[in-house]
Structures are given as structure tokens and as C-alpha cells.
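Read the single chain below, which is given as C-alpha cells and is the form predicted on its own.
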Amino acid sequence: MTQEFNNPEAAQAQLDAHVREIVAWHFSPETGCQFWLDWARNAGLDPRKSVHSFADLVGFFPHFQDEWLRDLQPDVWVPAAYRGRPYNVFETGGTTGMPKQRIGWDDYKTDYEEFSSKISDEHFPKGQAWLMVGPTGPRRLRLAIEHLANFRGSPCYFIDLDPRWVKKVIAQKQFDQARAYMDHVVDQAVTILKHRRVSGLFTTPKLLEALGEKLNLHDAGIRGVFCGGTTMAPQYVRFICEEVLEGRIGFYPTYGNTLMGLAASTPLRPEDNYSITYYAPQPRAVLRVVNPAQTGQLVEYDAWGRVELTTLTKELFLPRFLERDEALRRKPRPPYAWDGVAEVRPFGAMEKNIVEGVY
């Protein structure tokens, strides 16, 4: 449950208590997983005796290595308390080799049920159909979007997307293939919107723009857009809000991935100048914006830094994972009593070309 903005001390106390609970869970033989029990034994450490707060966690644990999620068999992450219970296997993008994999049971349901309270019934009327135009396959997102729609009493249509293929052909400068594939995806979405009553839409920013070129989304029945993707610079957000959605459709950008869940954005105010800020679903996940050269240090507010994720659930303990993203660190803002991340983009985006494909 989100703490009120005017009580950051209570939010911090809640986070610290949650850290103690999760550390006790993952490092107890009765409930913990093989990986973390082996890690503690090999290090000769017992985090249960040393980690009593989130600050302790930051000082105690090194950065989580993404190779662990590539190289190890998924069974090493099964908590003893879940042993014998079949799990889902979810994958990340996989554009740099073997995809990272995480296992799970109910985290995605919890994350998206909580998010349901942050979208308006006016924009996503309960019981009215949704359309997801985005990556399905091995990704957590497909089950999560369907669960969110179902949780709100709604059915959901799906148009599949393979972002790995799009990134591959773009990296090979086969832009005609990438455009043809995007057209193929968008044409399928247009067909659904023309022949079925749909009021809620989930898609990526670039696919949203491409859809807007094919038809008027408001006239097609869309009242709310839940948008996921990495880079949405202020000028692009303004274009989406004013030109594509015409100021008539609710816009809910989120920042999320397979390892975190999703961070919701706060409603845009005039003084934001279309700069989107996201807030992690504390205490289940924590986002920090750190100095890339000294990752133990936070950057100043409104300064750029690398995004560091800590996931704290009974299904997954992932401390201090350095994302391949950078962002501006933002101050707490109602109803969130913790820092936010703004204008998220790929790490090093200003120094090198990044292939983002349909995101």
C-alpha cells in the first residue's frame, strides 16, 4: 500500500520493515532459494544479522549480475516455500545474447492489481474490452496485461509482436523489413479496432504513433492508452498527447520490465513541460538514480544518473541491479513518498547510437 506523501518517515519505515522480512525469507533454509543460501554460505555471511534497513542492504550487497539469470538453471531461484509448485518462466528482450530469465508465480498479478487503482474508470471503463499491441511470447507482459483487463472485468484482444526480430533487422540496416513488419502489426490492430468495440489500449510509443497515422483513435472508441516503452522525451510526449491522442484520451505511461514489474507515472502538470516521472511500486521494488562512476552514491535531484533496481518480493530478491537505463532523479510527489525517475532512456544514449526498435 502506497504511503501518503506527507509522511516520508512512515514510507521509509515500511520499506525497512519489508527489507527485513524479505531478507529473512530468502536467507532462511525453510523458505529461501538455493542461489541465495549458497551465496551466503560461500561468502561466510548471514544477511539476516546485518541487514536491518534498505540503507544496510545497499552497503551490504554488491550489484546483482545479470549473467546469473542467463547462465544458471531457473530451479536455483525457487524458494523452498514454493518447491513443487509449477512456475512461469519469463524472459527479457534477449538482444545481447541469451535472454535473462526470471521465474514467478503471482508477482505479476499483485503488481498489476495494484496498478489498476492508478488508472481511471473514465478512461478504462470496467467491463469494456482492451487491445494489447505488444510483445507476448515468453514475456511477463502478456499475462500481466490480460490479468489487469480481467481484474477490471474486461476481455482483452492481442496482437503479437517480436521486438527481437525488429531490433535485429534494424541493427543490420534492413529498414524496409522493419517497416514492413511494423505495418503488418499495425494493420492487424486496425482490423480489430474497426470490427470490435475496444476502449482500452496497451502498446509501445512508436506503435501508438503508427496506429494514429492509420485511424483516429478516439473515433475508433479508445478512451485510455496504457503505454510502455523506454524513451519518451518531452517533445515526443507532447506530440503523442496533442497530435495522436488530441487531448481527448487518457494517457498512462509506465516504466517497467520483467524484473521490476512496473512503475507508474504521475499525471502531467503544466509545469512538467511534458517531462514524465515514474515512481517504483515500493516496497516491492526500489529505484535509485546513481552516479555511474560511484554507484554507491545517489546523484543530485534533477541530475542524470544510471538506474539501479532492487526487487523485494518473496518470489524474487534482486539487490542493486544496474539497469541499462539512465534517468533524471526526481523528488517525491503526491501520492509517492520516495524518489522518482524521469525521462528514462538507454544508458549512454547521448554518447552512442542505441537500437530500440518498436519501443
Partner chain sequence: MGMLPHLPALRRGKIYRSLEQQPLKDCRTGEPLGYISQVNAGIVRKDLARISESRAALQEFSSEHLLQICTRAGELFEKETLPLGDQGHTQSPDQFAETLSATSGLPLVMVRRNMTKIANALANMRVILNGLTRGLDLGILDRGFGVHADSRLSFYPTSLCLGLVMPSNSPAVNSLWLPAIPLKTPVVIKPGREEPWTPYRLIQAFIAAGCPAEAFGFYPTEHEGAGEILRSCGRALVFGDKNTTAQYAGNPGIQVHGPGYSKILIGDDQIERWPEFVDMMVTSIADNGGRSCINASAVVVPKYAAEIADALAQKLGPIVPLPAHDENARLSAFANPAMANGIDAMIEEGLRTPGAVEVTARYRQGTRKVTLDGAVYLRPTVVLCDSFGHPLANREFLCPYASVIQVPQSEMLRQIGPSLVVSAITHDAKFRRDLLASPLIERLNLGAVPTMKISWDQPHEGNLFEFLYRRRAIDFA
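Numbering follows the first chain given and starts at 1. Bear in mind the structure is a predicted one, so any value in this text is a computation, not a measurement.
This next part talks about the form predicted together with its partner chain, which is not shown.
Looking at 83 to 91, 131 to 139, 189 to 197, 273 to 281, which stretch has residues with any non-hydrogen atom within 4.5 Å of its partner chain in the model of the complex? Result for this chain: 273 to 281.
Please tell me whether the candidate spot formed by K206, Q235 and R238 is one where all three residues come within 4.5 Å of its partner chain in the model of the complex (heavy atoms). Yes, all three are in contact.
If we define contact as a non-hydrogen atom of the residue within 4.5 angstroms of the partner, is R179 a contact of its partner chain in the model of the complex? Yes.
Quick check on E243: any heavy atom within 4.5 Å of its partner chain in the model of the complex? Yes, E243 sits close enough to its partner chain in the model of the complex that at least one of its heavy atoms falls within 4.5 Å.
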